[in-house]
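Let's start with one chain on its own, the form predicted on its own, as structure tokens.
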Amino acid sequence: MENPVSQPAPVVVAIDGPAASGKSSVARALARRLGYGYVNSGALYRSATWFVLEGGLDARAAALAAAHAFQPTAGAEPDPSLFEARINAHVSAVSSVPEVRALLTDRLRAVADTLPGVVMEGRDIGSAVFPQTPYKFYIDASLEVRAQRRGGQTGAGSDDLQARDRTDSTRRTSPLIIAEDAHVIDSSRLTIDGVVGEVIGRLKLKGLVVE
């Protein structure tokens, strides 16, 4: 009996960081540059929050519904309604439920398995979802710059960034942390292209072939 041919593991570039740090813009641009799929994990948690608020579901049921409904494609953009003020106000609380994170983490891993390469952004991609990937980046920026960016986003509702930082960083399950082997980039004074260029340089140093 022949041994089954093993499939190569997908290349995962993990982009983590706090809200409005610029990680979404960087991840999208990086995915285009690499020719990889792009997955915004925050959209999945925001979808679960929407299900909670709209349907009166408990968080676990909402996460399950969101996971089934979530069908990411390369370059897919979250619906603008997911950035309404009411979603901003509750998404950290929904994301803190251990069962929610377990369900959606499994979904994110399953999505990556369907792609030869993926740039995935979130708050725990490098620390919890794909801790084995050697390609980890943490995009940060000053609170002042982040507030300016969030205020300038079309369709974005009000968002208490300090409160979200506190909730995301202190939750028991998969808190927002900087993975030990992540490369940290302060995007406060950098353009998107500047951050992407730094990421590309680090990927090449780590041996990833970038055309």
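This is a predicted model, so every value here is computed, not measured. Start at 1 with the first residue shown and count on from there.
From this point on, the text means the form predicted in complex with 2'-deoxycytidine-5'-monophosphate (DC), which you will not see here.
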Within 4.5 Å of 2'-deoxycytidine-5'-monophosphate (DC) in the model of the complex, heavy atom basis, the matching stretch of 27-35, 139-147, 62-70, 160-168 is 160-168
Against 2'-deoxycytidine-5'-monophosphate (DC) in the model of the complex, would residue 50 count as a contact residue? Criterion: heavy atoms within 4.5 Å.
no
So in the model of the complex, does residue 101 come within 4.5 Å of 2'-deoxycytidine-5'-monophosphate (DC), heavy atom to heavy atom?
yes
Residue 133 near 2'-deoxycytidine-5'-monophosphate (DC) in the model of the complex, any heavy atom under 4.5 Å?
no
Should residue 91 be classed as touching 2'-deoxycytidine-5'-monophosphate (DC) in the model of the complex when contacts are defined as heavy atoms within 4.5 Å?
yes
Members of 26-52 lying within 4.5 angstroms of 2'-deoxycytidine-5'-monophosphate (DC), judged by heavy atom, in the model of the complex:
41, 42, 45, 46
